[in-house]
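Shown below, as structure tokens, is a lone chain in the form predicted on its own; questions about how it binds or moves come after it.
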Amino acid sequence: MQRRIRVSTWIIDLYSVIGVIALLSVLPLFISSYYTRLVAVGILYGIAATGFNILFGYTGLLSFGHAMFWGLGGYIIAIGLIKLGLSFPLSVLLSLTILVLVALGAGYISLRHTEIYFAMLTLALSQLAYAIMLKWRSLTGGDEGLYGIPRPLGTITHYYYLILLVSLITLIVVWLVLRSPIGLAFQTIRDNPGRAETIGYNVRRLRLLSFLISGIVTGIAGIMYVPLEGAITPEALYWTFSAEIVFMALLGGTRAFLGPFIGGIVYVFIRDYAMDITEYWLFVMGVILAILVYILPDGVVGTIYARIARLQRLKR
């Protein structure tokens, strides 16, 4: 029975990814450039939340500092493009290299502790990165940030498809990692770290690997976001955006592979709707999100998966 459940989950994940990417591929044909940009932002938010969920949903570690990876990825590619005069591919490579180093360093420091102490350390490191970007005015532009960042491929629609391609590759790689022995080890550590250590897993090393992969995936979303917007400010690293990433993952469902990705897209449209109807949009958005989380405690996608599993049990 357990084997049947695993196979069905694998099939659901596979068809979900194919269906969502196919839908997102045709959307620009039917919507305006404004909504094309909005969906692109949602896709990147979804990738950022997926990266966060590798650490939280699959390894059991809550981070309040993932805005650091999003913001640093964005700042580094902006500096590469407009300060160093590098091409887009070289700027991406530079960003990924520095993200790996930052993630390893931050993970090594943060993983000396777990639970709330880990969360507070990630928050502190994120705020340190925010302060550096804010004060290093000659490189980062200070509180004004960096502007005039060129977008490759020109139009928003063309860049949208590049974002979609990068997102598809990222989702597939993450999916393969989480279905591999390494991913199963992450889940074992999440469920029972003491037992994982007893059976021979190097828990701290595996947590560091999870932290590294998680940070890189969230950083990739930040890298792709900045050319879309054409600007970046230190607010991209502020702790409030880390909280938004956490909420996106919870909104979609942390135990469903595609949950955080869908949560990011849903979050963007809820925010856009709230901003459109009132100046008190933060309050309205908070009420809407609170109601959704109360009605769907497993998240949007998590609830759908749970109902599919329930129907399968009834058929047996």
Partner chain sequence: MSIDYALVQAINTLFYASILFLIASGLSLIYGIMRILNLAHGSFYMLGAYISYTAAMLWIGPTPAGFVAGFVLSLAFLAAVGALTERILIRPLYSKPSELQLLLTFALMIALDDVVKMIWGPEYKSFTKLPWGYMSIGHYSVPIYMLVVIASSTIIGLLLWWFFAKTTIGKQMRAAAYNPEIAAALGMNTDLLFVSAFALGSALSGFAGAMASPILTAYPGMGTDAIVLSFAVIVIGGMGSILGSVVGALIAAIARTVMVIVYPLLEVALIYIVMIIVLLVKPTGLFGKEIVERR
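Positions refer to the first chain, counted from 1. Please read these numbers as outputs of a predicted model, since none were measured by experiment.
Below, we refer to the form predicted in complex with the partner chain, which is not included among the displayed structures.
*Asks:* Does every residue of Ile21, Tyr225 and Phe261 put a non-hydrogen atom within 4.5 angstroms of the partner chain in the model of the complex?
*Replies:* No residue of the spot touches the partner chain in the model of the complex.
*Asks:* Pick from Leu90, Leu208, Leu121, Leu178: which has a non-hydrogen atom within 4.5 Å of the partner chain in the model of the complex?
*Replies:* By the 4.5 Å criterion, the partner-contacting residue is Leu121.
*Asks:* If the cut-off is 4.5 angstroms on heavy atoms, which of these, Asn192, Asn202, Thr198, Thr240, is the one near the partner chain in the model of the complex?
*Replies:* Flagged contact: Thr240.
*Asks:* Please name which of the stretches 43-51, 286-294, 24-32, 65-73 has residues with heavy atoms lying within 4.5 Å of the partner chain in the model of the complex.
*Replies:* After filtering at 4.5 Å, what remains is 286-294.
*Asks:* Please tell me whether any heavy atom belonging to Glu144 falls inside 4.5 Å of a heavy atom of the partner chain, as the geometry stands in the model of the complex.
*Replies:* No, Glu144 stays farther than 4.5 Å from the partner chain in the model of the complex.
*Asks:* Counting only non-hydrogen atoms and a 4.5 angstroms cut-off, does Glu229 reach the partner chain in the model of the complex?
*Replies:* Because no heavy atom of Glu229 falls inside 4.5 Å of the partner chain in the model of the complex, the answer is no.
*Asks:* Considering only heavy atoms, tell me if Val39 and the partner chain come within 4.5 Å of each other in the model of the complex.
*Replies:* Because no heavy atom of Val39 falls inside 4.5 Å of the partner chain in the model of the complex, the answer is no.
*Asks:* Report yes if any heavy atom of Tyr273 sits within 4.5 Å of a heavy atom of the partner chain in the model of the complex; otherwise report no.
*Replies:* Contact with the partner chain, no.
*Asks:* Can you tell me which residues in 89-128 come within 4.5 angstroms of the partner chain in the model of the complex, by heavy atoms?
*Replies:* Counting only heavy atoms within 4.5 Å of the partner chain in the model of the complex, the contacting residues of 89-128 are Ile109, Arg112, His113, Glu115, Ile116, Tyr117, Met120, Leu121, Leu123, Ala124, Leu125, Gln127, Leu128.
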